[in-house]
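Quick heads-up: the structure tokens below are two forms of one chain, split into structure 1 and structure 2.
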Structure 1
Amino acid sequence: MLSYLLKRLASGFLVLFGVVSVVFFLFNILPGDAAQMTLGQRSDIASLEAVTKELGLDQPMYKQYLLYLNDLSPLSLHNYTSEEQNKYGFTALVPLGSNRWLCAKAPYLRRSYQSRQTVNQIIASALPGTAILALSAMLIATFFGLLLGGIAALFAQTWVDRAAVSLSIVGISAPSYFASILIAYLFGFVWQRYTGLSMTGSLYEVDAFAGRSLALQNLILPAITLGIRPLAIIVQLSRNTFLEVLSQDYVRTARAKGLSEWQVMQRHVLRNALGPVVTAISGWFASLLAGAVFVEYIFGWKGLGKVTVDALMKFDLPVVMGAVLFIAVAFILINILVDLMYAWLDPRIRLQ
């Protein structure tokens, strides 16, 4: 298992290196003056030259790329003195002469052109909102997807089965932006007096008198909207998997022993049918972290998606690049965890 984990981590590192390279060169060939965007419209030539030098934009492209890798790497080279290393959170490991050190640090995603905040801080502040939204959507999709898929499998070839499949097809076919607009308009505006829900809002609301307060009701509509497509996928996948497992000999043996349908589903069908479903759930959870852009923007939910859209509109490239790299890391780690979960869910699988 340890050998397999190390191999998966190595392949994940190679994938991440490719993503870093593509993201860097893709965003750096786009038009735009980073120094100008950092200083704003009112800036003199001396200030522009100073910021250009500070950002390393006066260097050739390959040197900028190496500097970017140096910023991202947990082990990097820096010319700071020991006082500056403590100030910037570096841990000096090996002196290399002339105040040059091999340092250990957290990956540095640089600073926003607009707010001058570090991208690490921006992502850290936006991530809890996206994580809570994606987790809520995935819980809704998983619970109702497995429930409807199991019911459809038990009542196969009946109107119940056809209704569940038809609804899942509608859910798959509905684009996120269309579903977001429709649900926000109907439940947050037209039927607002019945639902008590608003069209927009984040996890926390700030009142001038009451201060910051938790607003879980704002989570309902975006979580349901974001969970529609994975729910539809899970319904169809779990139905087909349940039908395949229900046709196995050990299920017929369990029924012949007098076990009820609930006991058969719980003890013999569910665990053996969860392998493909877990893959779909994990893949969709990683996708929801990346694909919540439309939902967050339309519902005004403060999260990684909304921050990324706002950064794109302002051409704030470090924020966009940092968000893309974070999502890539999330995909890689989740896929590794899924591969390890397979062995636990299905004892027939052996990692060699």
Structure 2
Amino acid sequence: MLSYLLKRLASGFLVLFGVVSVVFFLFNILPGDAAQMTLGQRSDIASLEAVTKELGLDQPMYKQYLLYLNDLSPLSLHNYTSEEQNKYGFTALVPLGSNRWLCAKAPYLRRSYQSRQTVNQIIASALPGTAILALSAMLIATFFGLLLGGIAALFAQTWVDRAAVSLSIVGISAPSYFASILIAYLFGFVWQRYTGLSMTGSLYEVDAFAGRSLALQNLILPAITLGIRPLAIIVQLSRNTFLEVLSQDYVRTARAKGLSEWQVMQRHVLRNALGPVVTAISGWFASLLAGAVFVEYIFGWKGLGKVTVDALMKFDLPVVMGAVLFIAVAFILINILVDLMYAWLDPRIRLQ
């Protein structure tokens, strides 16, 4: 089990390295002068030079790449100067001569061009919104998805089944921005007087007089909207998995023992069907962190997706790159967790 975990971590690290490289090169072969482009209107000479220096834009591409890797790596090489110490906040570990030190630090995602905040800070402040939104959406999707999927499997090949499958296909087909607009329009505007919900709003409302206050009702519409697609997919997946497991020989054995249908379901079908469903749910949770882009944008929900889009509009590349990397790391970690969970659920995998 431990060696399995180590193996998964090692391959996860390799994948992460690939992600960093892909992200770096894609965002750095922009046509035109990156520094100029990123600064947009505020392109006075001073800030242009500052950006050029920080990004090492006057250096050849491979040096910029190495610099980026060094910035990201928790173990990195730095000059022991107060300037660098302020920038990275590292702990020097091993001296390597001529004031070079091997240092430990939190990955440094650079600074926003726009706000001059560090990207780490920006992500940290946007993360709770997205995490809560994604979590609520997943809870909704999992609960109703398993329920509907189970019902569809029990009534397979009847109108109940067909209705559930058809509805789920419609759910998969709805573009999230369209669903967002539609739901915001209907529940936040047309029927506003019945629902009492507003079209936009974040988890915390900032009021000039009352200050910051929690506004949980703002969560309802975006969470439902974000949950539609995973809900639809969980319905289909759990239905198919249930049917697949029901056709297995060991279910026949269980019936031959004389167990009732309910006992067969509960004791033999559920646990075997859980693996694929858990995988799907966790996979979706990971991609919801990113998939929330449109929902957050339209509902004006302050989170990672909205931050990323806003940064994109202003060509604030460090923020975009930081967000992409952060989501990729979350995705990789969640997938490792899922694999471990799968191994825990199925003793056959545990052995390997």
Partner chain sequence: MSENSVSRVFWKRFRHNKPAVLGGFFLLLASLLALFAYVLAPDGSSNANQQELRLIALSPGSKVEVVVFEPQKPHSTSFWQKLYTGEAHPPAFFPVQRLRRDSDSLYFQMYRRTTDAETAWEAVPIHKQEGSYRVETRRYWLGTDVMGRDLLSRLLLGLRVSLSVGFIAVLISIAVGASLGAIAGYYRGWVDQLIGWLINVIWSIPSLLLVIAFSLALGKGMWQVFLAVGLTMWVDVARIVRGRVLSLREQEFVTAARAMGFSDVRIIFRHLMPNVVGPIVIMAASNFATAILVESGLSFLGLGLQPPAASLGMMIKEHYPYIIMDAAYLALVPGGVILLLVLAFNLLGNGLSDAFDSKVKMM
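Keep in mind that this is a model prediction, so the values were computed, not measured. For clarity, a rigid core is taken as the largest C-alpha set superposing within 1.5 Å between two forms. Counting starts at 1 and follows the sequence of structure 1.
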Practice task
Identify which of the two structures, 1 or 2, is the form predicted in complex with its partner chain.
Solution key: 2
Practice task
Establish whether a shift of 2 Å or more occurs at the C-alpha of S115 between structures 1 and 2, with the two forms superposed on the rigid core.
Solution key: no
Practice task
Could you tell me whether the Cα atom of A156 shifts by at least 2 Å between structures 1 and 2 after core superposition?
Solution key: yes
Problem - Rigid core superposed, the C-alpha shift at S260 between structures 1 and 2 in Å - result: 6.6
